[in-house]
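First, one chain by itself: the form predicted on its own, in structure tokens.
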């Protein structure tokens, strides 16, 4: 087996996990793996044969995606697989766990249903931004096979190119600072309420709305769209709680580090921070108060100097020589516990991908996009959104049948003057 060589990643047989990938790999359970979903709804029904050909063609151009998780003596790693993923018609619930053992398939699946193309992928392979980049590249090749000439591959991978070291390497290590000291952060006081879950149950509700309506609503409170949606989530938790909320509400938000460190990584390169509001047990909190408290928090915590310090501390902790010498089965127990602690440190999470970009010849064929985070054993409720062609889709996923929060969120947005069209994978 040829070891990882960043200068020739097209031909390497394995990849070391990146800083975030180690956590997701160690956290997976027998019946659960951190799986999320990105999708595009096209302007015509999908041609599955061409989609399969496009996927096959990408296998050599995008080697960091065509991998499967393997356990080593001291760490797990990603092994290249020549077994091509098979495009399948969707016939089950979304973001089911990706099988990590017992087959040679890469740790993702590509699904289609009428006009929708979906990519579901194990989080140790890549983050949401890299997943959308792969989806757009897949669609770009798909339209190339239909005779469309692509004039600009800035926002997609071209099968005519060769994968680069920048794409396949560990961006966390590349952009970290070795001088940053180790840290042992204190778990903040957080409002967290465990909710019952149903195994392998996924209720997804999409709210489709005009980007301009959401921007206008956010501007009314002088906050960003991300801060506005985080405030909506906090307001939802306050108004659906069974008793007064006496601890700070914290919404965990991932930030794409590529936008701050000029990286072309096709793997994980994101950092999670949280925005917070403390209601102090009050039951008369107004939405305007939450927005005022959140205003500027996203920009403050997105400062490149702060981000570099945070990722450097994480990388240094993982590179500790004492930790490296510990056998992987023991490491896995520690990683699993650390993942649980990280999930209990916030109330809920929100991911705003932003605007999906694609080659100009492909973009008109995408009616809208979807982003569904998937649940965890500790966080059964999740919210994510993505915009394309002036439509923002807010997707709420849950692994339990209660829809109280979903109803509150979309009714509140409607009360703000936002025209919302709601779709669900459950019809009752």
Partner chain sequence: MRCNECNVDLGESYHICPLCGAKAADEPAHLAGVEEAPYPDVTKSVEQLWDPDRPGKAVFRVTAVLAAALAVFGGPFTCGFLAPALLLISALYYFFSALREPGRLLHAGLSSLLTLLLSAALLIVVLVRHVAAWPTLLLCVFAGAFFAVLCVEYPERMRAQLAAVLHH
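Residue numbers count along the first chain shown, from 1. Keep in mind it's a predicted model, so treat the numbers as computed, not measured.
We do not show the form predicted together with its partner chain, though everything after this point is about it.
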Every residue of 16, 116 and 407 near its partner chain in the predicted complex, heavy atom within 4.5 Å: yes
Answer range among 130 to 138, 225 to 233, 256 to 264, 92 to 100 for contact with its partner chain, defined in the predicted complex as heavy atoms within 4.5 Å: 92 to 100
In the predicted complex, residue 33 touching its partner chain (heavy atom, 4.5 Å): yes
Contact of residue 312 with its partner chain in the predicted complex (heavy atom, 4.5 Å): no
Interface membership of residue 403, its partner chain in the predicted complex, 4.5 Å heavy atom rule: yes
Partner contact for residue 72 in the predicted complex: its partner chain, 4.5 angstroms, heavy atom: yes
Heavy atom within 4.5 Å of its partner chain in the predicted complex - residue from 77, 191, 339, 271: 77
Contacting member of 294, 168, 205, 285, with respect to its partner chain in the predicted complex [4.5 Å, heavy atom]: 205
Neighbours of its partner chain in the predicted complex among 404 to 420 [non-hydrogen atom within 4.5 angstroms]: 406, 407, 410, 411, 414, 419, 420
